[in-house]
Ligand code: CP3
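Only one chain is included here, represented as structure tokens and corresponding to the form predicted on its own.
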Amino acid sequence: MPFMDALSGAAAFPPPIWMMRQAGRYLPEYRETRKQAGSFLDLCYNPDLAVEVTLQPIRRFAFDASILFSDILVVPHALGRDLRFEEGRGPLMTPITTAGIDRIDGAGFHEHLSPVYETVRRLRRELPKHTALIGFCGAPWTVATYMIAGHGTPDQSPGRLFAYRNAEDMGRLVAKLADYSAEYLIRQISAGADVVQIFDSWSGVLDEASFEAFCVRPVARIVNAVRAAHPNVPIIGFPKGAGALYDTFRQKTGVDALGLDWTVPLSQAKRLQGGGVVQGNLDPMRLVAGGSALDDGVDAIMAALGSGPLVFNLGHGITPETPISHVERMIHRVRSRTAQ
């Protein structure tokens, strides 16, 4: 598998390519399948439909990797927290309290998530043999911010304020989430995932000390547990917005690959590539814009990183308004370039 070769540190030209949120609302076939599901959560927990939407972008674009269709908040949902998704508002939960943290109970955790594991098993059977299957979870900090606020906010300030006022309670929450998230990833791997990714979508709002306490340490805890069970399965870490803190993230957490957001300068990305494979980091808005903005973004990444171990990806998830023709153009431009 080209994707797995890249994660092992091999340089390939052209590099393997996939997109975060590649199974999603920009595809008309996804929108049709979503109507059948009844709700977003029903879609996540229905193996027949989750397999279908996961396979849709592979059929269209022949990406080198496929990522399980699910959501990062199924972990707190499986731990007994209420969860619903509203159109235009995103996820909504009852905010957790200190007493709620104490009451977190994993009874029935894996039973609740059994449809996800079944989806992974079916995907591994149905995907092309050369297409890698990525499992994933949300990082404890990011998941915790939604649990505390009860919804997404522009800068997750409720979670940050809670952490400053109740550092010990936040520490217990992210530790519990780390342990259950590790179990979740281990089960995904046992079901057939070739690699797993840890999404820390809100790590960029943390100061240096909080980043160490609530991003680095919990992710390292997950990595250690997963590696103890599956020592040869690669782990991708994606601390979105980490900036200069990317420099030591791989060493401190033990992840094999670094997912880079689009704000990471290519000079820094090249330096990080010296320590192993990097993934990214095209701005999703360049993909929406198309034309020379898209071409220039692709060319800059390929010129800077194309000769080293690279997984070409966006710097965050594809957005619903992205034209399919722009995705096709991006893939063609990556795959048709000659080695520099």
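Since the model is a prediction, treat every value here as computed from it, not as a measurement. One-based numbering along the sequence shown.
Beyond what is shown, the protein has a form predicted together with the named molecule; the following relates to that form.
* Asked: in the predicted bound form, which of the stretches 63 to 71, 285 to 293, 267 to 275, 304 to 312 has residues with heavy atoms within 4.5 Å of the named molecule?
  -> Flagged stretch: 63 to 71.
* To do: Using a 4.5 Å heavy atom cut-off, state whether residue 23 contacts the named molecule in the predicted bound form.
  => Yes, residue 23 is a contact residue.
* Distance check, residue 85 to the named molecule in the predicted bound form, heavy atom within 4.5 Å -> Residue-level check for residue 85: yes, a contact with the named molecule.
* Asked: Any of the heavy atoms of residue 204 lying within 4.5 Å of the named molecule in the predicted bound form?
  -> Residue-level check for residue 204: no, no contact with the named molecule.
* Asked: Going by a heavy atom distance of 4.5 Å, is residue 249 a contact of the named molecule in the predicted bound form?
  -> Residue 249 lies outside the contact set for the named molecule.
* Within 4.5 Å of the named molecule in the predicted bound form, do we find a heavy atom from each of 136, 199 and 316? -> Yes: 136, 199 and 316 each sit within 4.5 Å of the named molecule in the predicted bound form.
* Within 4.5 Å of the named molecule in the predicted bound form, heavy atoms considered, which of 214, 146, 162, 184? -> Exactly one listed residue reaches within 4.5 Å, namely 146.
* Answer with one of 158, 90, 95, 108: the residue that has a non-hydrogen atom within 4.5 Å of the named molecule in the predicted bound form. => None of the others qualify; the residue that does is 90.
* Taking the named molecule as it sits in the predicted bound form, which residues of 24 to 45 have a non-hydrogen atom within 4.5 Å of it? Please list them. => Residues within 4.5 Å: 24, 25, 30, 34, 40.
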